[in-house]
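The data below hold one chain only, encoded as structure tokens and taken in the form predicted on its own.
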């Protein structure tokens, strides 16, 4: 009996929890999730400085402008003007340089006419006090929240932390995920394929998906349908990984040694599911009995393995990594063709391509070759188009799309707008 996708996701998500918090150097923490809120320890900036190239001056001296001021020095970022500005004086100043004592404003260079012959400058416009001065704490004040617990650290966060002199942060550890392909049919050596054998695609795709998320992949190789070899591989996973992902051996009718061994090492906790989706209906999940290591059993067909990862593995591992936003955002796109299907009790995930028109509206088209073993279409897709159970979606009507790569959403072409479905 098939179970709904959300029920299968719930079974998996209820069985995993965030990994422990490690103190990590900030330059190794990109993409990690903060385990504790981080507060500012210093004002940024810590001193008054100029936000513009120009002249530091006393605002009172510019009343009745234009006025002529005496240039008594210059100061650039990283240096300090030693004296104190007297009435009628100005200092040439560069962006980021400390404001000289006695100055209370900066005039941009475009409003000034310097005379190098007598070291004077004509300021052509009255300058208000505080003009182009960044005061201490202008960006961040000591005690401010820099990043809340649960924040995914992006490059700007690392810059904010570095500006405070904070070198390490408490983050949830990056998940280490073991990937194992199973099956006597898999051939890993060089040279011509023997009769009836195929090369392994799943392991390479799954390892790539893990790297793409910023997690740590552990390549456990290809294992034949042999009890001893499977036990040895599961043992290696238990010693070095936070979760194990296998592909092959979970479909009805598959050679049962994989199921037997997984049932044994999981203490019978493995759930062998038929999820109400297409592709990727067969899916297994459980934990190793002695270590509680989560085990995700994915189908052997390459597209099914990738779709299973997206819908069932990725959300669970994001929870392990400390994320609370577990699923990708969905967009609504107008279908450029009829997306016909027949009712079968399942949600269909169609490999497709999403584009934008000149007004920012999404349009979607399916790619050819939708069988679960046809990986090339997956390589050309930037989205999965979601067709609920029923008769499908008519041309010109909305379809929900799960975007893999928003940056690859390109401008709608004439061929796409007329319903071209080629890849």
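Keep in mind that this is a model prediction, so the values were computed, not measured. Positions refer to the first chain, counted from 1.
Not on display, but discussed next: the form predicted in complex with a small molecule.
- In the model of the complex, none of the heavy atoms of residue 216 sits within 4.5 Å of a heavy atom of the small molecule.
- Shown alone here, residue 198 lies within 4.5 Å of the small molecule in the model of the complex, counting heavy atoms only.
- Contact annotation for residue 202: at least one heavy atom lies within 4.5 Å of the small molecule in the model of the complex.
- At least one heavy atom of residue 182 is located within 4.5 Å of the small molecule in the model of the complex.
- Only one of the listed residues (335, 301, 107, 266) places a non-hydrogen atom within 4.5 angstroms of the small molecule in the model of the complex, and that residue is 301.
- The single contact residue among 322, 286, 175, 248, judged by any heavy atom lying within 4.5 Å of the small molecule in the model of the complex, is 248.
- Per the 4.5 Å heavy atom criterion, the small molecule in the model of the complex is contacted by stretch 292-300, the sole one of 292-300, 90-98, 143-151, 335-343.
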